[in-house]
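To begin, one chain is listed below as structure tokens, in the form predicted on its own.
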Amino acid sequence: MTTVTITGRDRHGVGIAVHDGKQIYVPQALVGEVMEVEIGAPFTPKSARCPGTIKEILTPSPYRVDPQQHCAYAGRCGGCQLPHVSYEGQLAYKRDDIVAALSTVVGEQAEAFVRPLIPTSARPCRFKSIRYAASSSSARTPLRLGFYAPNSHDLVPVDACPLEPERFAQVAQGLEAILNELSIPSYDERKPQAETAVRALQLRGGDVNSVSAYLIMTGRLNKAQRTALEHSAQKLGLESLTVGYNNAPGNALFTRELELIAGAESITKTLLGARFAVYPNTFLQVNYEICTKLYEAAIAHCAQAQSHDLALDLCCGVGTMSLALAQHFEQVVGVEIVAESIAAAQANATANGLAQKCDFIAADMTKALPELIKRKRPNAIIADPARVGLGEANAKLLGKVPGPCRLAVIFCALTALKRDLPLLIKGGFKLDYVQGFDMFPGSQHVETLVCLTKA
């Protein structure tokens, strides 16, 4: 055994200690803790990075809690990386991460720019969930649905997750039962599989406790299987049951080949005062409470623009923020690369009586921005890109937007913030404030809103 002090953590929340010139990575260890660990062989030959296993905690962190108090699957399920950290500690860690990332851009001023993190208060908070499927090679072992173990694709069967609405567990267990009655196995991503098999189940929550289910499968369902699944959906009270057929090898899930089995093609969710049709492949944040607060903050920043002729909503999805921006601006243009999302955004604008104020463009942001900037001269811009961020090209293009203009960028990853923000500042935008929103309690992830102004 070796006594170490945890001095850091990686992006997965794993504690890091330094001993004899080696970096020891210790799962579920917290910064500041002193512990006895067993050090394993290097991750790769001659590497200074080694795994460590906790044997005894000598000095625990004040943030340490017993994860089993909140979840019976803690430590086995990889859905949450920080179940052993108090919520106070999680918020402190995430704000520290934001300050550290911002300090690479503005130096010692970072602390002054970062506002307190917005916490999640409501439970449950995960209104979209993907359960994966697995079964053993034994024909007598039933298919199970659950979440992957940390850093693997080994399934941890889960009956109910405390971060989900109760109905999700009821629906998942009901569909698991009918799939086993139909003898439909799970997909094995390690080998080709042409037969009908289950890859995963996505559940979504909407208004009035509504739930849609989306099964991702290989092969095709036969008539008897469709009928059985339809009856099961009706029995479970599902508003929608869709099957997506994906026969591609590997572990990718989503597909455009969809078959409606029961109910409606979409469910409805009200956000920011507007009603949205949510389809199986529609992007919508999983935590409605924090999603609403995040979007309200971005829109409030943009609403303070000097003029209110035009706002842009980049990576607009189904128009969630576009419709809210239309309450403050004469015209809103939404840009999104996914054509199906643009079609949904147009339908949502029409359904909410805002079609005359909203235009939507199905295009890559890099291709659409030059013309929009040249012809439109926007007064405000919101950008909510994917985890990769804006990218260098788009950040440079946004830097060319003439002032006065307000800009709100939502970063899913702090690595993207560190890359993109300097380019926006170089383009003439001034940093107003940065704020984190705890969209995913229990994880290392934090959504970060960066608000800027160009005079």
Ligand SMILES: C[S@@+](CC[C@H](N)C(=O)[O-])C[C@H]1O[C@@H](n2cnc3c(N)ncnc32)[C@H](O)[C@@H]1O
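Since we're looking at a predicted model, the values are computed, not measured. For every residue, the number given is its place in the sequence shown, counted from 1.
Same protein, other form: the form predicted together with the ligand, not shown, and the subject of what follows.
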{"item": "295, 320 and 364 each touching the ligand in the predicted complex (heavy atom, 4.5 Å)", "value": "yes"}
{"item": "Stretch from 173-181, 236-244, 101-109, 380-388 whose residues place a heavy atom within 4.5 Å of the ligand in the predicted complex", "value": "380-388"}
{"item": "Heavy atom within 4.5 Å of the ligand in the predicted complex - the one residue of 316, 358, 213, 198 that qualifies", "value": "316"}
{"item": "Sole residue of 303, 337, 272, 160 within 4.5 Å of the ligand in the predicted complex, by heavy atom", "value": "337"}
{"item": "4.5 Å heavy atom contact, residue 87 and the ligand in the predicted complex", "value": "no"}
{"item": "Proximity of residue 148 to the ligand in the predicted complex, heavy atoms at 4.5 Å", "value": "no"}
{"item": "Stretch 224-250: residues contacting the ligand in the predicted complex, 4.5 Å heavy atom cut-off", "value": "none"}
